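First, one chain by itself in structure tokens, the form predicted on its own.
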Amino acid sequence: MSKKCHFWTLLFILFITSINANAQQFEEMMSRGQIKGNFQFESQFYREDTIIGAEEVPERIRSNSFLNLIYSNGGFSAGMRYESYLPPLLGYPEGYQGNGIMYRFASYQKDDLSITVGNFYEQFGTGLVLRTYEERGLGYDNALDGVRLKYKVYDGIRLTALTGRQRIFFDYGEGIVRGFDADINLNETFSDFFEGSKTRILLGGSAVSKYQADRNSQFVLPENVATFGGRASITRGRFNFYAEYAYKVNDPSADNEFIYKPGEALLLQGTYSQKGLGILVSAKRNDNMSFRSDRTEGEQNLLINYMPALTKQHTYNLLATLYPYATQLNGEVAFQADLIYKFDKGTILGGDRGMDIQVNYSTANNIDTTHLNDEFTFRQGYKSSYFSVGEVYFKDFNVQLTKRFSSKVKGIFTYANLVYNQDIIEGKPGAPTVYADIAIADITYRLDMRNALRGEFQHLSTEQDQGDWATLLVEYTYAPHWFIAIQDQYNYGNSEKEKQTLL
């Protein structure tokens, strides 16, 4: 038996002995605490279908399962998450094989100090320098395993320090992540100066670094790579302005083909809101900002930071799943504008019950770059013009109308026009850019206070890729806990006749 096993065995014996010696005290302590949890089980049965390209699954049945348990008692809390992939559902990364406890933590908070050991999620600002999170539907989890301290130094000043390694499936990445963040609310810190002021100012700054040993025989790689970020939020009346900037020192990796060019990102956002009207305008530029705790990884694995996509997050099937956009980490310039307006009752467009309209436009382009022939000198790779844009990656113009026709009938009507660069977004060299028009009608009829019927009618028209699509969904709801839905898709415009089938 290894020394490590001896240690844990001894620790367990001491723990049990302590409980037996203080059983009454332990019982009293546990009675004051609470245990909460939840369980999730998903299973799918598969059959081979050569027409739609559904592969043969030897197991026939695959499943994902999750169990969360959290114990809390005063300022102390501890928890764990058991995960089982036997094997994972199709579409999940194949790295999820097997089962085990891959998330466990203990945390204690006293007054202005909070300490967490084990696994945790954290985000600095919008995530330009650090964001760890779980997105279970996509099979993504880059939680940190280590130590985190949070401390409120003074009114309005909060500090965070952390160190750890990132999760990758059922293991942890090679690199070590270290981070520090400070948040300052000037209105709280300098309350006398800002007393009665209608302007609120929040400032923040972050520093995050990673360490990974250099085992590359071709290049001399930096073992410590740092990023720095600053942010500011200014609110006055109905207006808010947010700005965040991040800088990353040279970080040769598989993402940028091991060049030594520094990276940077800038995010700007302005909003205006009042009763019945909301406006949002945002812009983003990121250049060579892929930041991973393992420089050899790809896909979404072991990303330390997060580049938000300035696109609307759609929920309807044809809009959300066929042509979704993902931020291009090596370089992107993006813009988005969003307008929400409510037509009052009694107006021409509002009618008897009013009407809501939302207009959204977003676009993402490549940064304007010039290649540098410096492979045997500084290996900067390229230079870029800050204020000009290159090739179109994605465009989305959409309008949504929400109208209640009566106390029983409500409709949501959507039109969207998409431009989707398959070559870049999906890595399909030579594939044509998709130009698509999507129309959606979502009608709900409320039978009574508990029963309702809803129908979705969706159509996507395009001459590229797989051609035209239609989707029909019918849903019955018995409030507040139950619903049943039937959905089908028809790729009737596919140029390959045998694939013009219902899904």
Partner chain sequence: MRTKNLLSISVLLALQLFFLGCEKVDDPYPVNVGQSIPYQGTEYIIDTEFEIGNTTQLITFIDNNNWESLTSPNNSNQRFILLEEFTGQKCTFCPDGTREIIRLDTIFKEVLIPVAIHAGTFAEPQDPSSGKYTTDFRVDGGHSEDYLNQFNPGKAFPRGTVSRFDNGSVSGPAAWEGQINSLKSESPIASLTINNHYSPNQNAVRVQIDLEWLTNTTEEYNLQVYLAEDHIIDWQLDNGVAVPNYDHRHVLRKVVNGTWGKSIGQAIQGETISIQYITRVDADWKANDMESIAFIYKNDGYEVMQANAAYIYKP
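Keep in mind that what you see is a predicted model, and the values were worked out from it rather than measured. Numbering follows the first chain given and starts at 1.
This protein has a second form, the form predicted together with its partner chain, left out of what is shown; the following refers to that one.
Find out whether any non-hydrogen atom of residue 431 is located within 4.5 angstroms of its partner chain in the predicted complex, and reply yes or no.
It does not: once its partner chain is placed as it appears in the predicted complex, residue 431 has no heavy atom within 4.5 Å of it.
Although the partner isn't part of this model, could you tell me whether residue 178 comes within 4.5 Å of its partner chain in the predicted complex, counting any heavy atom of the residue?
Contact check for residue 178: yes, within 4.5 Å of its partner chain in the predicted complex.
Close approach of residue 151 to its partner chain in the predicted complex, 4.5 Å, heavy atom
Although its partner chain is absent here, residue 151 would touch it in the predicted complex, with heavy atoms inside 4.5 Å.
Its partner chain contact at residue 341 in the predicted complex, heavy atom, 4.5 Å:
No, residue 341 stays farther than 4.5 Å from its partner chain in the predicted complex.
In the predicted complex, which of the stretches 129 to 137, 242 to 250, 385 to 393, 301 to 309 has residues with heavy atoms within 4.5 Å of its partner chain?
Of the options, only 242 to 250 has residues within 4.5 Å of the partner.
Residue among 406, 224, 73, 191 with a heavy atom within 4.5 Å of its partner chain in the predicted complex
Flagged contact: 224.
Quick one: from 159, 254, 90, 326, grab the residue that has a heavy atom within 4.5 Å of its partner chain in the predicted complex.
The residue in contact is 159.
Triple contact flag 209, 217 and 379 to its partner chain in the predicted complex, non-hydrogen atom at 4.5 angstroms:
Yes.
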